[in-house]
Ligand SMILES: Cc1cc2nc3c(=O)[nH]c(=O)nc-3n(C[C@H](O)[C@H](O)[C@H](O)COP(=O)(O)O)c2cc1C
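Below, in structure tokens: the form predicted on its own, a single chain.
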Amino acid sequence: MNNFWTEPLRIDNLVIPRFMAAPLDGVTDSPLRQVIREFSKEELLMTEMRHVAHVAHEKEPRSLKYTQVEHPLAYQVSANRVQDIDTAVEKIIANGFKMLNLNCGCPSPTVTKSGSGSALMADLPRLKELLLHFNRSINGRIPFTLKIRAGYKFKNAVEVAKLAQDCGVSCLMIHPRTAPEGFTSRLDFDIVREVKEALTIPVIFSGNVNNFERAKKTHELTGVDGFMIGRALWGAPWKLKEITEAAQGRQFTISTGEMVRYALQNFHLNIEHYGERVGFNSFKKQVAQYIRNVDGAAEWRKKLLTSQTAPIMQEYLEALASTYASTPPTVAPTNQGIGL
């Protein structure tokens, strides 16, 4: 398929590129998504995961807050019971999100202990009940999709995938590790291929895709229809652009000075989105990733992470940007992830 990489992916009435952003709690928030849009205008972005009860009952709709530039934007939820699904669905659709995704893959014990996330893969009757309820509630207004793992403690992704399709799910995202395997063990490409062969709906691969060569190899091994980029976007909001450029035979370049300037832009968006105190503290998760390739990164990281106020952090970032103001563009360094 010579034109596979440039053909759009269709999920019901949603037409998007084959690469998209994955949700990463505390990282792929609205400020980072806005910076990603500086590079990638059409790719699907996704919110951080929120439980349906949180969406349904929050007094101020903070979890639904975004800017128009972030579209197309999908909303990811977790659930362990049907209560609150209808209210959450109505809020999500009313706020203009283009897709609803149920997380059935999160391995965090704080999520799975309640029966949410990847724990649902070990409770198929409950999962079926949830899927059918979501599908009825959404009623075709936006695509309903599901994100899974290879399994919870044992691999049953093919069985879960078939169940999902039978219950009206429009697209399946799969991370091919079990919950105990976390994010660093060997990826099971065989089970992804089996899932793809068992379904007629699109299948999206999630896991350590941080450059086009890995995506290309993954497609050869599995036949998947698209790819979620997650940790590779951490401190590198240009990563989707870098991969899509490579898919079209072009090379993406960015200077160290530009990297720091985008860090500074992300910092200002954090302050605007969360307020000075919260925005400053939450940006500490991001800033170390942005500067990991600068000379003396350890020293700069110490200065930035021990900053006591937003103005001090801004001063350091501006000094760093000034230091690298005249650096020429280079090929962006590959980050985050392990080999196939």
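Residue numbers run from 1 along the displayed sequence. Every value quoted in this text rests on a predicted model; they were computed, and no experiment measured them.
The same protein has a further form, the form predicted together with the named molecule, not shown here; the description that follows concerns it.
Asker: So which of Ser116, Ser206, Asn270, Thr145 gets a non-hydrogen atom within 4.5 Å of the named molecule in the model of the complex?
Answerer: When the named molecule is considered in the model of the complex, the option within 4.5 Å is Ser206.
Asker: Considering Leu45, Val287, Met49, Val52, which brings a non-hydrogen atom within 4.5 Å of the named molecule in the model of the complex?
Answerer: None of the other options qualify; the answer is Met49.
Asker: Are any of the heavy atoms in Arg231 no more than 4.5 Å from a heavy atom of the named molecule in the model of the complex?
Answerer: Yes, Arg231 lies within 4.5 Å of the named molecule in the model of the complex.
Asker: Contact between Thr178 and the named molecule in the model of the complex at 4.5 Å, heavy atoms?
Answerer: Outside the cut-off, so no.
Asker: If you check in the model of the complex, is Phe252 within 4.5 Å of the named molecule, heavy atoms only?
Answerer: Outside the cut-off, so no.
Asker: Might Ile11 be said to contact the named molecule in the model of the complex, defining contact as any heavy atom within 4.5 Å?
Answerer: Contact check for Ile11: no, nothing within 4.5 Å of the named molecule in the model of the complex.
Asker: Given a 4.5 Å cut-off on heavy atoms, tell me which of 24-32, 292-300, 58-66, 309-317 is the interface stretch with the named molecule in the model of the complex.
Answerer: Result of the contact check: 24-32.
Asker: If you check in the model of the complex, do Phe39, Thr256 and Thr327 all have a non-hydrogen atom within 4.5 Å of the named molecule?
Answerer: Not a single listed residue reaches the named molecule in the model of the complex, so no.
Asker: For the stretch 76-99, I need every residue with any heavy atom inside 4.5 Å of the named molecule in the model of the complex, listed N to C.
Answerer: Only Gln76 sits within 4.5 Å of the partner.
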